[in-house]
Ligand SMILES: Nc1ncnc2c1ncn2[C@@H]1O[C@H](COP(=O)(O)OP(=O)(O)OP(=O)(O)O)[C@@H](O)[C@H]1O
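First, one chain by itself in structure tokens, the form predicted on its own.
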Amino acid sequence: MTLTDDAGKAPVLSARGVRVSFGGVAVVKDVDLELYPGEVVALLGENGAGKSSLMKVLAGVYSPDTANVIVEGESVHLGSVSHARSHGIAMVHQELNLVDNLSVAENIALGREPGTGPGLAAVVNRKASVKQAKDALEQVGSRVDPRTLVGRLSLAQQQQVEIAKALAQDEVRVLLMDEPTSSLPEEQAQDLMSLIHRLRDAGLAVVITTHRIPEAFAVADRIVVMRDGNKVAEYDPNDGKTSREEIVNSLIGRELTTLFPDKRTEVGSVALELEGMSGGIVEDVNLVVREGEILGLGGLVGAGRTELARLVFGCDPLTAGSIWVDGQKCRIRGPRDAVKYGLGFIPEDRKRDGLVLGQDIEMNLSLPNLGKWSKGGVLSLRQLASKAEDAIGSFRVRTRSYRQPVGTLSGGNQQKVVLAKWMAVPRRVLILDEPTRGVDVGARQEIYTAIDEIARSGVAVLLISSDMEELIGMSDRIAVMAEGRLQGVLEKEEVSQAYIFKLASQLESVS
């Protein structure tokens, strides 16, 4: 029997009874999924719901316990990535799979370089490789020079290269995209949504996993929800009846009353003051953040927000300007000095810069706090264990114990560990760069609650976010940057999405 949709089309891919387990624990439980040509499916679920594992089965990355997979009417065994590719299935992974010290062109062509000559003696045609990369980059709207080293690109640019690499394969019929917009600011995420629609219109079956529910409504023809390894619901986002609240309740298995905490009504004195900050692309930025305040920092990609945070924390050198904490002028020559003055910094890429994935929770918590928890250079293991247990409880980290390696935790729980690491010792200022990137809606609510509690304890919080809903929902005031300069600071009553975008696009200014 051949499956068809309501319009009579046969699926390009049908997967029945997919089951995947690790160490005897099932992470995907007898899931069925059909993908049709010219359709976008949004696969939603909390971290650990099984959606990425399901995608990796279809891409040939994981071998399932059981699965009946049919591609264009033919029963197939997707035993490897190359086997899946031979059937027209390509995947863009959430964790970028690029080689930093190779060029963009070399990454896109890796494993299928154009060349002449037999076998291993073939000579790579670099001109053809650059052209191939340029064509693939144009498909995703990227203007990156194909000869640029990938390690020199921003996360957003690297994400575009990853997508271009997948599309450079011959005759892609099914494109699987795991959190493709997680590292992209809003305006580039919109560009990617347009690209996905073009791919759909060209006849591809596209599957995306995403934590951004408005994004799923904007791009998908069908929404499939997974929870605890099961497929629990399927929706038509265009039927006029499906609501965001209904999707959220399916995702987390309970009713979510509100995503953001109530705004703080009172703030204290100035805790952090930046005066004439300059360095790299950042020019002459003046800002103040008060005790108990969350100051949002918005702007488009390349605006200089992350660069400003790195200057404040001493990761990059200042060329001009001063930093004051509680009225004291600080000489910050590196992160060690920043920590000494009571600053904490949660970077955009938690896995690369915020955690040691192979180490356990306890060891990660100790890293910025060794000086406080040691006497005579000797670390108190009893105190460390006690602090780890306290942090797990305070930040509601879901884990077997503080001995669990952080690399085995979900994205949301990893981010909670980063928060706990910096708040295990009292801080005056906490800088957060994209704190919920790649985090599901349930864990996101918990992180927002933790950030709110940190602010209410009197800590000054500088929150960098490309998620407009998050920026507005969490911030007491919002500063907006463009091209390295501060365009203005909006008070609560001035904040609106349109006004923020105008400032970020330099269409308007605040005096």
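Whichever C-alpha set is largest while still superposing within 1.5 Å between the two forms counts as the rigid core. Model, not experiment: these values are computed from the prediction. Note that residue numbering follows the sequence shown and begins at 1.
Not pictured, yet referred to below: the form predicted in complex with this ligand.
**Asked** For the chain seen here without its partner, which of 337-345, 316-324, 151-159, 392-400 has a heavy atom within 4.5 Å of this ligand in the predicted bound form?
**Response** Answer to the contact question: 392-400.
Practice prompt. Answer with one of Gly60, Gly50, Pro64, Gly484: the residue that has a non-hydrogen atom within 4.5 Å of this ligand in the predicted bound form.
Written response: So the residue touching this ligand in the predicted bound form, by this definition, is Gly50.
**OP:** Just give me the single entry in Gly292, Pro146, Pro237, Gly411 that has a non-hydrogen atom within 4.5 angstroms of this ligand in the predicted bound form.
**Re:** Partner contact (heavy atom, 4.5 Å) among the options: Gly411.
Q.
I'd like to check something about Arg305: if you look in the predicted bound form, is any of its heavy atoms closer than or equal to 4.5 Å to a heavy atom of this ligand?
A. Heavy-atom contact with this ligand at 4.5 Å: absent for Arg305.
Would Glu46 sit within 4.5 Å of this ligand in the predicted bound form, counting heavy atoms only? Yes, Glu46 lies within 4.5 Å of this ligand in the predicted bound form.
- Tell me, yes or no, whether Val27 is in contact with this ligand in the predicted bound form, where a contact means a heavy atom of each within 4.5 Å. Yes.
query = Does this ligand get within 4.5 angstroms of any non-hydrogen atom of Glu362 in the predicted bound form?
reply = No, Glu362 stays farther than 4.5 Å from this ligand in the predicted bound form.
Q.
Once you overlay the rigid core, does the Cα of Ser278 travel 2 Å or further between this form and the one not shown?
A. Not so; Ser278 is displaced by less than 2 Å.
Align on the rigid core first; then say whether the Cα of Val397 has moved by at least 2 Å between this form and the one not shown.
Yes; Val397 is a residue whose C-alpha shifts (by 2 Å or more) between this form and the one not shown when the cores are overlaid.
If you line up the core, does Leu308 shift 2 angstroms or more at its C-alpha between this form and the one not shown? No, because once the rigid core is superposed, the C-alpha of Leu308 moves less than 2 Å between this form and the one not shown.
query = By 3 Å or more, the Cα spacing of Asn413 and Glu453 differs in the predicted bound form; is it closer or farther than in this view?
reply = Their C-alpha distance grows by at least 3 Å in the predicted bound form.
Margin query: Since the Cα-Cα distance for Gln94 and Gln414 shifts by 3 angstroms or more in the predicted bound form, is it a contraction (closer) or an expansion (farther)?
Written below: Closer together, which means the C-alphas of Gln94 and Gln414 are at least 3 Å nearer in the predicted bound form.
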